[in-house]
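First, one chain by itself in structure tokens, the form predicted alone.
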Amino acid sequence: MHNSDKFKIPVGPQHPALKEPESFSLALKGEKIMGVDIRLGYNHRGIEKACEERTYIQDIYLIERICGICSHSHSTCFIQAVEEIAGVSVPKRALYIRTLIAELERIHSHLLWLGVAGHEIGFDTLLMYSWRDREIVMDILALLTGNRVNYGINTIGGVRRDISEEEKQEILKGINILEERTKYYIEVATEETTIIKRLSGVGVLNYDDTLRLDAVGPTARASGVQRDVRKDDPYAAYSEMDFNVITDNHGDVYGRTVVRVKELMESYQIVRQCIKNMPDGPIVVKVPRKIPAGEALSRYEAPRGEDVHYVKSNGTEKPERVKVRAPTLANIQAVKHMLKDRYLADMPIVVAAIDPCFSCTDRLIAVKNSNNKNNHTMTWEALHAYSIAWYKARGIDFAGLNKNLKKRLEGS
């Protein structure tokens, strides 16, 4: 859409800046971005509605798959709400194990982000180094939980696996290696002139705008906002942990880089405290399948920022309502502000700097219009039938696929 020297270009929903489909409409004057429109919704998977049709135990594993990188964050946030409604007192050892896994996940996420950020600015050597080190923490997570990504460690009332003394020693070995290598990353981030010049002044978000737009996580802390749920509203075993909330006053992509690499050092200290001070005792208590009627709001400091889960129960073994507010949704409005008056070439790293996960973000809202009788809220069964009919009209018959699968299973 041309108007004198101004025009709009679409970036996405399929584009090189992100591995997830997300649509950005950029208004440009030359190469300068004058305004941004962001459209969510390409990754909607109906998870909130699906939770209402499943038991609380089944929901844990569904909730974990909201995000692969923050799987423990979402499952912990969810079960904390359920445990609050049920009045469950989780064993202290289980709380320590949850905290341990949480910080290992944070290390994994920040190392992953560091590599992606390096790739976005053409520093692929940093990508190779940080993703090599990421394998160390992923191997530790696999040792403790059996999985490298979706850990499945949580259950209502505690955790599913205990940690042995031998495993503790393996964790410490890995953490010692990672700590030494992270010192190098801090040196690179704070002394490498190429990185400093490329990231400084890019994607600026000052302190007042951070509060006005309600940014969270490293995005907010890089603008001087000392906001961290682990300190502000402690959960799991964080009230017994000694750590600093890392902040920076640059308010740009460089500041977000500094916050994340320095947060890694704090996470190493928390992991050591969990191992050193982990109490003896049970790792789970029995919880009835039917959760009493009630509601609860749970908060959790995910690697990307504050994660919020709302759960409403009706006295059955299935929740009446589950609502998820992932940190990317809180930060996406700040992206529009950060991109304005920047150059088109800055867009990939500015977007990547909030460490977005649009699979976490996308939700569906049914809006009822009294003037249109065709608008209605669909049940899970109706949505399932509609999706089958939609694909069948396009030549894909899942009923036939299911029959073939059943025959193969019977044959085996």
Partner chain sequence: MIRQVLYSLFKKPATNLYPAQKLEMPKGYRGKLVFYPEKCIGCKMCMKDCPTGAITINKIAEKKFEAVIDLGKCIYCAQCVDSCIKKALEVTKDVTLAQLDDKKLKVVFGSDSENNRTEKQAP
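Residue numbers count along the first chain shown, from 1. Remember, it's a predicted structure, so these values are computed and weren't measured experimentally.
Same protein, other form: the form predicted together with the partner chain, not shown, and the subject of what follows.
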Residue stretch of 324-332, 213-221, 143-151, 84-92 approaching the partner chain in the model of the complex, non-hydrogen atom distance within 4.5 Å: 143-151
Contact test in the model of the complex: R299 vs the partner chain, heavy atoms, 4.5 Å: no
Does any heavy atom of R54 come within 4.5 Å of a heavy atom of the partner chain in the model of the complex? yes
Tell me, yes or no, whether T125 is in contact with the partner chain in the model of the complex, where a contact means a heavy atom of each within 4.5 Å. yes
For Y184, is any heavy atom within 4.5 Å of the partner chain in the model of the complex, or not? yes
Please pick, from V229, V188, V308, M241, the one residue with any non-hydrogen atom lying within 4.5 angstroms of the partner chain in the model of the complex. V188
Check each of K29, R65, R45, H384 and return the one that places a heavy atom within 4.5 angstroms of the partner chain in the model of the complex. R65
Honest question, do Y129, R160 and E192 all end up within 4.5 Å of the partner chain in the model of the complex by heavy atom distance? yes
Near the partner chain in the model of the complex, with a heavy atom at 4.5 Å or closer, the residues from 271-294 are R289
